[in-house]
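First comes one chain, alone, set out as structure tokens in the form predicted on its own.
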Amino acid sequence: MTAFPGSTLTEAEPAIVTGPTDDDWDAAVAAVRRLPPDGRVLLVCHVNPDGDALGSMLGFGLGLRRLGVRQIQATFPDPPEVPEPFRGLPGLELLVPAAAADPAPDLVICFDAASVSRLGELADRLAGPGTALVLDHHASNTGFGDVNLVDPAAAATSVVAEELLARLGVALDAGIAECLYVALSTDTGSFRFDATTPAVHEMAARLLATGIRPGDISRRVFDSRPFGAVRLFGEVLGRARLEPEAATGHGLVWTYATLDDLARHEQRPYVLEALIDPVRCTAEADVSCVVKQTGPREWAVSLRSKGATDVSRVAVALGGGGHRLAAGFTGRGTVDEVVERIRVELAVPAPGGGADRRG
């Protein structure tokens, strides 16, 4: 067990997760159902939330409101900025700054965080007197809740959230559906990634049946970017480096962006989240990487694989987590030092010998 600084929580090492059992689902339903009439619920997601984290959290919060739960807060660790593409989401009125979050809620529900370390200053809420319920789809999840609904087979945390809402008897409306659709579409790359199964399209159909407009949502989330961000992307892509022999010969392409880059183009950090997509298009590399500065000698690292490499294994070894094809971690030192650690981990053969060639 690993102690989390500043908290009484301990964090288990990643274990093999096979998905929620019927008992897990029943326990989660019971945790919501036993809330007293004036029960207080705190919804939390990971730092620098993406579409799945925010969409799942806010969509579930709107579902709780339909159940009659009146005292609901939603939050995430500082910085408290909602990325521009998600500022039109229904349910944003539920958000409060982390400093204003209820210190002792009756129920804490955590979304899309594979480990308690992703919750920053909010981690102590899970150690309070209330029940801690975790909804997630990362195989590296450490099982840090009292009740854990973790399904690595799910394309997004929103899949787990929708299932729990259904088991609670909450019918979808347009507000809930828009949040869950943003979550589902972002984590499947607009339904382009391998996790896009028939079940994913069936869920999307249920959400669209509420009357939401997918074209409007996609333009807002995927196809709108400040001109300064376009200029920034051009500069950062211009310094990309290709290493064909890395990743046991499958190839690595990487680039980096600094705080000075953001300041020079007058952009907020969230714009860099989309930078991994043009980098991962590189035909000669299976693994793509974007290293984004978040502070002095501190970097948020995004890793992607086209199938020949398990990047979650790399991320977990370096203190992070994620999926086989998409993962990340926080690196410290210079950018060259961070990338060298990645190279070293990519050179380690996959368990069983040889490179991981699963597609």
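Numbers for residues come from their place in the sequence shown, where the first is 1. The model shown is predicted, which means the values in this text are computed figures rather than measured ones.
The protein also exists as the form predicted together with adenosine monophosphate; that form is not presented, and the subsequent description refers to it.
In terms of contact with adenosine monophosphate in the predicted bound form, the residue from E273, D173, E163, E243 that brings a heavy atom within 4.5 Å is E273. A326 is the sole member of V69, A326, A308, A31 with a non-hydrogen atom within 4.5 Å of adenosine monophosphate in the predicted bound form.
At least one heavy atom of T330 is located within 4.5 Å of adenosine monophosphate in the predicted bound form.
Heavy atoms of H138 reach within 4.5 Å of adenosine monophosphate in the predicted bound form, making it an interface residue.
In the predicted bound form, no heavy atom of G51 sits within 4.5 Å of adenosine monophosphate. Only one segment in the set 36-44, 314-322, 23-31, 54-62 has any non-hydrogen atom within 4.5 angstroms of adenosine monophosphate in the predicted bound form, and it is 314-322. Interface residues of 104-122, taken as those with a heavy atom within 4.5 Å of adenosine monophosphate in the predicted bound form (partner not displayed), are limited to R118.
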